[in-house]
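The chain below stands alone and is given in structure tokens; this is the form predicted alone.
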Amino acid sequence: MTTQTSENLNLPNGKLAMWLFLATEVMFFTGLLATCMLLREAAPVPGPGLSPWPAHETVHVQPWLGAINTVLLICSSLCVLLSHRALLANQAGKARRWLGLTLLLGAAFLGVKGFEYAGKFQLGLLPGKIGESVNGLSPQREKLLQENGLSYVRDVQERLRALTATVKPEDLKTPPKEIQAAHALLQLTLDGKDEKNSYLRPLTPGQLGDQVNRLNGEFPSLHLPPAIPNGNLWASCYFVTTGIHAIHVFAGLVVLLVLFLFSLGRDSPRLAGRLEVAGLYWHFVDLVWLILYPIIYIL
């Protein structure tokens, strides 16, 4: 079976098409990552002593998880290369083993990423769900975040009501302490009166944000929506970049799985060219992650 080649380039059509496709992908990811870096550098300073970009600990970014995924993708690229070499040597069994290992490593990458995403969902670190207001914001900044602040207060109240919905009044005098704290904070978000029957103003979004962050540190099991200046901007950059990359990884796994299934009982040299083309895509996905990892997990 002969492979069609493009005139004057002496390059198989499939490989040429993949290189052209990867050229568009380079432009896409370059623009995407450049935009995220620009947003990060241009993030407004929330107030005196406050950082314009959330620290890794604040948004629960674990560099060691990113490092594990980096190792997984690098090893998977090596396995693709070894599988292709085995096909060229007409060692079909060996090629399938390396290709199968590639699939396992790629699936493990997505598993780790899913674990990270689950943690972000559980902690409320989602675009549009993070409170921006904390004490120390400038009045101008606080005014700009008025709509976010009101939405944040409602989200926190909803979570606090869910935590205390089944708790009877007599139970508030006994442990668990986190439920007592949640009930007390819920009361502070509502209109009320003190012992002298004087009106008590509910907590402002900034005050509530400080209280929520304090309780999350004291009782992590509450999982209250945190208040992080510029947190929604960070969450948008994080989920867009890592999410699009994860979709590319999934697409690559689908292609490699098809090749793995197609190779069963087939003449291995016929698949070498197809695996080489798919390998180019897989190596590109690996390269994108090597650029993405320091931006998300280190800088």
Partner chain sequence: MDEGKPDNQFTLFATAGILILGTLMLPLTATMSPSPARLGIISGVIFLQVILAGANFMHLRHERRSLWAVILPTFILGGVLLFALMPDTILEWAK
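Owing to the predicted nature of the structure, the values given are computational and were not obtained by experimental measurement. Residue numbers count along the first chain shown, from 1.
We do not show the form predicted in complex with its partner chain, though everything after this point is about it.
**Student:** Taking the partner as it appears in the predicted complex, which of 81-89, 119-127, 202-210, 218-226 has residues with heavy atoms within 4.5 Å of its partner chain?
**Tutor:** Looking at the other structure, the answer is 81-89.
**Student:** Which of these residues, 55, 254, 38, 261, gets a heavy atom within 4.5 Å of its partner chain in the predicted complex?
**Tutor:** That would be 38.
**Student:** Residue 74: heavy atom within 4.5 Å of its partner chain in the predicted complex?
**Tutor:** Residue 74 belongs to the contact set for its partner chain.
**Student:** Evaluate residue 243 for contact with its partner chain in the predicted complex, applying a 4.5 angstroms cut-off between non-hydrogen atoms, and reply yes or no.
**Tutor:** Residue 243: no contact with its partner chain in the predicted complex.
**Student:** Taking its partner chain as it sits in the predicted complex, is residue 50 in contact with it (heavy atom to heavy atom, 4.5 Å or less)?
**Tutor:** Residue-level check for residue 50: no, no contact with its partner chain.
**Student:** Is residue 59 close enough to its partner chain in the predicted complex to count, meaning some heavy atom within 4.5 Å?
**Tutor:** It does not: once its partner chain is placed as it appears in the predicted complex, residue 59 has no heavy atom within 4.5 Å of it.
**Student:** Relative to its partner chain in the predicted complex, which residues of 219-243 have a heavy atom no more than 4.5 Å away?
**Tutor:** Sequence-ordered list has one entry, 233.
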